[in-house]
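Take a look at this one chain, the form predicted alone, written out in structure tokens.
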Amino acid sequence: MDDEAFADISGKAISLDCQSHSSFCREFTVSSPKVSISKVLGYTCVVWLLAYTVFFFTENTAVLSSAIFITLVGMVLHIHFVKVDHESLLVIGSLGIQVSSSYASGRETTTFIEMSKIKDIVINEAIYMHQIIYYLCVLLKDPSEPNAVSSVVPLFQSSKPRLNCLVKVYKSCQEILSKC
């Protein structure tokens, strides 16, 4: 499959890369834009200008030092814990689903869900900031009652792709799940 351009719920460009490793194994990777240097520079300038204004009236150098420290720590924390570069979903029929997130700092998180625990993959809707959004999620079976759902695991939580992107992933996942 090929690379296509899609958008997230905010209208920002994201891309979906679909790789078919076999008829029972497909990988979907949603990539977000990299960290914008101009945005980082803008936030840094605002914080430092505020700090300089406070320094101007108080003449306390600790204000400037604190502003520099807070800005640097804030950027590191944002890059390490918040900014996700790409999220991937690896669907392997009869084995399970692996969900991975790669952060701007290089940190990765991976979760594996066994196929025996999966009831279905669905597109769900939710209300988010005064709008209705759609998200792809995995329904997990309740161990005590096989026809019930014990929990819902949302996919692509950081990139939040729009419905057209989710439908493409959903159809491909259902194709693999129907073969199992």
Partner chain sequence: MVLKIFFPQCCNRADSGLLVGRWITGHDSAVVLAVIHYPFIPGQVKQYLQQVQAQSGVELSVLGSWSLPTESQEGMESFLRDLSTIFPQERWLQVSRQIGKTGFNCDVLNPAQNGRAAQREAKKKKGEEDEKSDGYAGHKGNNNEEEEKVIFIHYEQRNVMLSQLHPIENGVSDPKTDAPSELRQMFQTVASSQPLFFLDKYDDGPLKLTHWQSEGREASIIAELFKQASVPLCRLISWLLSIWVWVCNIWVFSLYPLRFLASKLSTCVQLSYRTEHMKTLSSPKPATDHTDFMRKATIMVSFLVDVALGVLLILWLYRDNHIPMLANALVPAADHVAKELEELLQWLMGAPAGLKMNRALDQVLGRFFLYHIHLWISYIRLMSPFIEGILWYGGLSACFGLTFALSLFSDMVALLTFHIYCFYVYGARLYCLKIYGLSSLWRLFRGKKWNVLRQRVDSCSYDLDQLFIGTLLFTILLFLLPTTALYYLVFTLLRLVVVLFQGVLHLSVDFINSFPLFALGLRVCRPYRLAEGVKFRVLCDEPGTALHLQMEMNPLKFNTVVQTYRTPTYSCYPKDSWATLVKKLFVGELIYPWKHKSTKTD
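Everything quoted here is computed from the prediction, not taken from an experiment. Positions refer to the first chain, counted from 1.
Just so it is clear, the following notes concern the form predicted together with its partner chain, a form of the same protein that is not shown.
Within 4.5 Å of its partner chain in the predicted bound form, a heavy atom is found for not a single one of 30, 81 and 102. Note that among 49-57, 34-42, 110-118, 63-71, the stretch whose heavy atoms approach its partner chain to within 4.5 Å in the predicted bound form is 110-118. Although the partner is absent from this view, residue 95 contacts its partner chain in the predicted bound form, with a non-hydrogen atom inside 4.5 angstroms. Using a 4.5 Å cutoff between non-hydrogen atoms, residue 89 does not count as a contact of its partner chain in the predicted bound form.
Although the partner is absent here, residue 25 is a contact residue: one of its heavy atoms lies within 4.5 angstroms of its partner chain in the predicted bound form.
Interface residue remark: residue 21 is counted as part of the site for its partner chain in the predicted bound form, having a heavy atom within 4.5 Å. Annotation for 148-180: interface residues with its partner chain in the predicted bound form are 179, 180 [heavy atom within 4.5 Å].
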